[in-house]
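Have a look below at one chain only, the form predicted alone, in C-alpha cells format.
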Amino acid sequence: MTASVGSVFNAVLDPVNRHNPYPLYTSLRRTPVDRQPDGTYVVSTFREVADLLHDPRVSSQIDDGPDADAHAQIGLPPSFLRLDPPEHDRLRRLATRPFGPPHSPHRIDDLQPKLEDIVARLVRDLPGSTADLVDHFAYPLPVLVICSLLGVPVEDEPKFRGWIDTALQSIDPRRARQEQLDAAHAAFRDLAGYLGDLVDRRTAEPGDDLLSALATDDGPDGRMTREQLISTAVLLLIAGHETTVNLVANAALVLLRQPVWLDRFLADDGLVIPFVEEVLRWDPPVQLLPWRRALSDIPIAGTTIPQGASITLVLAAANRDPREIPDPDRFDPERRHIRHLGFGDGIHYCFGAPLARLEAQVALRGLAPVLAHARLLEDPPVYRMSAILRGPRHLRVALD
C-alpha cells in the first residue's frame, strides 16, 4: 500500500525517520483509525489493533501484496501466513506439530544447552577492540539455530542471505520500483528452488530436522503438498531469524543507552525474562502489519472501515498507547504488567515466539558482561530500510 505525500504514515515509512519513529506513532494515535487519501486505513491504538487481530472480518488472504505476488510469480501457493481459515488453520497445525506443544513439547526447551554453547562461542570470537554486534552476534545466532532446526546447511548461509536480503526489499509498504520487484522475484525464485531441492532430499532420506518431519508427517490433517512445504520452508527460514536479529539488537541497544538497566541486569539474572518482554513492547522487531483487508464493513472507534479496504495495523504504536500502558515511553522491565503485541495476536500469533524469547534471553545473559565494557561508536546506529522489520543494520561498539 502507499501513503499520501505529507501524511504522518508516509513519514513513518520514510527511511529518514527509521532511527526514531515513535514521535510519529504518537501523532498517529490521535486518530485511532485513520483513513489515508488513497482509501486505505491505518490503525494505531492498542484496543483497536488487538480487536482487529481477532476479528474474522479482517482477512490476510489478499492478491495484491508483494508476498502473494512473489509466490504467484514462481507458481507457489501463499504461505499459511497469507491465508484465512480453514486452510490457514490446517497448514498451521501441520507446521506446528514437529515444532512445539502438544506433539513436540520439548523441542524448544531442549535447545537451551545448544543455544548457550553458540552464544559462548560468539562472545568468545568477538573482535578484540571493535565489533559490530549485529554482524558478529545478533545475526549469526538465530541463523545457526534455525538452520539446525530446519536441516538447512549453515555453510549455505552466504548464498541464502543474499537472496533473503533482496527478497525483503519488496515487502516495504511503499510501492517498490519495478526493478526492485523484478530483483526480489528472482531472489525469491532462487531461494524457493534451493529449499525445494532440500525438501526433495529430506523426503527421500529423512533426518531428525523440521523439514524431514514436515515432509513425512502423516498426522490427522494429512501432509502438505510439495509446493506448500516449500512455501512453509521459505516462511520459517526467513521469519526464524530476521525478527530475532532485530529483537537481540534492539535489546542490546537499550542496555548500551541505559546502563542503569545493564547494572540491574548483571546483578539479577532473573530480570532477563521481563527485560525481553519490555523490549518487545517498547521497541518491537515487527513494527506494523500491512496487507490486511476488510471482508465486510467494520465499525470501529467511531469510523467504519468499508468492505474491501486495505488495513495496516501499527503494532509498535499500539504498544505505547497511554490508554493501556502507564507512562508508555519509559522503558521499565520492572513495571507490574507488561502487555504488548510484539508477536501479534489472534490466529496469526507468531508460533515461533517461544523460540525467539529463549534465543533473546540466552543471548542477553551471555552478552551483558561484554556490554558492561562497551560503548557505542554510532548513535543512532545505521538502521535497516524496512519500516516493517525495524532494527539496526549495524551496531558498532568499542570494546575495552
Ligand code: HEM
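Counting begins at 1, following the sequence as shown. As the structure is a computational prediction, the values presented were derived from the model and not from experiment.
Below, we turn to the form predicted in complex with the named molecule, even though it does not appear here.
**Student:** Let me test this: is every residue among G240, L289 and G352 within 4.5 Å of the named molecule in the model of the complex, going by heavy atom positions?
**Tutor:** Every residue of the spot touches the named molecule in the model of the complex.
**Student:** Counting non-hydrogen atoms within 4.5 angstroms of the named molecule in the model of the complex, say which of H136, R293, R107, R92 makes the cut.
**Tutor:** If I apply the 4.5 Å criterion carefully, the residue I get is R92.
**Student:** Quick one: from I311, L247, L229, L191, grab the residue that has a heavy atom within 4.5 Å of the named molecule in the model of the complex.
**Tutor:** When the named molecule is considered in the model of the complex, the option within 4.5 Å is L247.
**Student:** Is there a heavy atom of L28 lying 4.5 Å or less from a heavy atom of the named molecule in the model of the complex?
**Tutor:** Taking the distances in the model of the complex, the answer for L28 is no, it never comes within 4.5 Å of the named molecule.
**Student:** Would you classify P285 as touching the named molecule in the model of the complex, given a 4.5 Å non-hydrogen atom cut-off?
**Tutor:** Result yes; P285 sits at the interface with the named molecule in the model of the complex.
**Student:** P32 near the named molecule in the model of the complex, any heavy atom under 4.5 Å?
**Tutor:** The answer is no: P32 has no heavy atom within 4.5 Å of the named molecule.
**Student:** Contact with the named molecule in the model of the complex for F343, defined as at least one heavy atom pair within 4.5 Å: yes or no?
**Tutor:** Taking the distances in the model of the complex, the answer for F343 is yes, it comes within 4.5 Å of the named molecule.
**Student:** So which of 181 to 189, 194 to 202, 84 to 92, 260 to 268 is the stretch with heavy atoms within 4.5 Å of the named molecule in the model of the complex?
**Tutor:** After filtering at 4.5 Å, what remains is 84 to 92.
**Student:** Within 4.5 Å of the named molecule in the model of the complex, which residues of 255 to 270 have a heavy atom? Give them in sequence order, or say none.
**Tutor:** Residues within 4.5 Å: none in this stretch.
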